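Next up is one chain by itself, shown in structure tokens, the form predicted on its own.
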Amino acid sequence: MSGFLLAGAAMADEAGMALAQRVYDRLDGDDATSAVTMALVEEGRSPRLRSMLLYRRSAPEGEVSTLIRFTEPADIEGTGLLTIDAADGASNQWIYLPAMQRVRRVDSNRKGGRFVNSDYYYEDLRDRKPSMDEHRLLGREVVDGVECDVLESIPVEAGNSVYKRRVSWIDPASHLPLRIDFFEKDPQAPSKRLRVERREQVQGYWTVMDSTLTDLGSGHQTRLTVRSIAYDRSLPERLFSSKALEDERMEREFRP
């Protein structure tokens, strides 16, 4: 009996790892440029709206680079975040604050720091290799009418994530997570929940167009709505540099 149970657990781990790899390898273009509205929603208050531009580039050798630039309102205009995720899983981030007029490196230990007072942590904005977690397929559940594979992911090393575990509901057709629960202190009670409100195929790539991340303790929400997106524009490597982060004129010609 014990041998049968051990064999079943091993098979479940292999299935989970294979699913995590398929999600990671999902086709999303060599690069992407998008214009996004961020809405910070708090009960009893009007939503605070921000406009931002996102640039992402995947290098053939496995490095993933992302540049975020806020364009509105005035109190955050020009603020930028550059993230470079190396092929080996190492991640580096730099932030540019116009008021300080200098680029500052984000401490690698600041995984749980909130990005511009949103519900996103700096860790949420980094690429995460499947090998950084142990994965287990928990079964299937329906989310918004779609029967999804339920995937549990637990960090291989506790120190490499602010989360103790994550549970994702994966659409088997698009390989997009339609819901993710994040567990920080209590591994049985999620602290945050991401839900995909709308997804579309753009230039043949499945794309999340509208999503909401909710702090389940406070009820505070961060909603991201894509106003426009374009893939495969041959974005240059120089766009993802500290110089471009500091001087937004370098990325103006690539704006959507």
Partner chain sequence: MLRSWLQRILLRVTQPQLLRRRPAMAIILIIHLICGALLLRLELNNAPELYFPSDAPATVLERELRAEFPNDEILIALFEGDDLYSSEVLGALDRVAGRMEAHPDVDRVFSVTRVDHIAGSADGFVVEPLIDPERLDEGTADERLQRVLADRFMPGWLASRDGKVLALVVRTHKLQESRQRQSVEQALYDAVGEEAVDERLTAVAGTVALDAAQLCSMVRDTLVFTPLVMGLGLALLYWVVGRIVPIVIGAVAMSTVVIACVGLIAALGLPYTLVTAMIPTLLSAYTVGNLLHLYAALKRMRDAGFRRPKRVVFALQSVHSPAMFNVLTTAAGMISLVLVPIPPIQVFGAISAVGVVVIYFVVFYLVPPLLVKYDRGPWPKSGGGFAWTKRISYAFASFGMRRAGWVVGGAVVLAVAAIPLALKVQAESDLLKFFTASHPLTQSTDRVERTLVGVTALEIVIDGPGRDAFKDAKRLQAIKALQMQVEALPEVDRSLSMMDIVEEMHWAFNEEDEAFRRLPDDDRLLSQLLLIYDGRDLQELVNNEYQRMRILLNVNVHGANEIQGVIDRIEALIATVDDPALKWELAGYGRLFADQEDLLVVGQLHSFLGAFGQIFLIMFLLWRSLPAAVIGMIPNLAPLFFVFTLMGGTGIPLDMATVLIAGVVLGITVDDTIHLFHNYLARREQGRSVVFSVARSFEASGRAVVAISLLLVSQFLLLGTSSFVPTSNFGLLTATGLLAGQLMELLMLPALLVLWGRFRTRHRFLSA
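Numbering follows the first chain given and starts at 1. Since the structure is predicted, the reported quantities are computational estimates derived from the model, not experimental observations.
As for the form predicted in complex with the partner chain, it is not shown, yet the points below apply to it.
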Among Ile180, Leu125, Ile76, Cys148, just one has a heavy atom within 4.5 Å of the partner chain in the model of the complex, namely Ile76
Would you kindly say which of Ala86, Met132, Leu138, Leu97 lies with a heavy atom within 4.5 Å of the partner chain in the model of the complex?
Leu97
Name the stretch: of 200-208, 24-32, 40-48, 53-61, exactly one has residues whose heavy atoms fall within 4.5 Å of the partner chain in the model of the complex.
40-48
Does the partner chain come within 4.5 Å of any heavy atom of Gly113 in the model of the complex?
yes
Would you check, heavy atoms only and a 4.5 Å threshold, whether Arg195 touches the partner chain in the model of the complex?
no
Is Tyr231 close enough to the partner chain in the model of the complex to count, meaning some heavy atom within 4.5 Å?
no
Considering only heavy atoms, tell me if Asn92 and the partner chain come within 4.5 Å of each other in the model of the complex.
no
Which of the residues spanning 203-232 lie within 4.5 Å of the partner chain in the model of the complex, based on heavy atoms?
His220
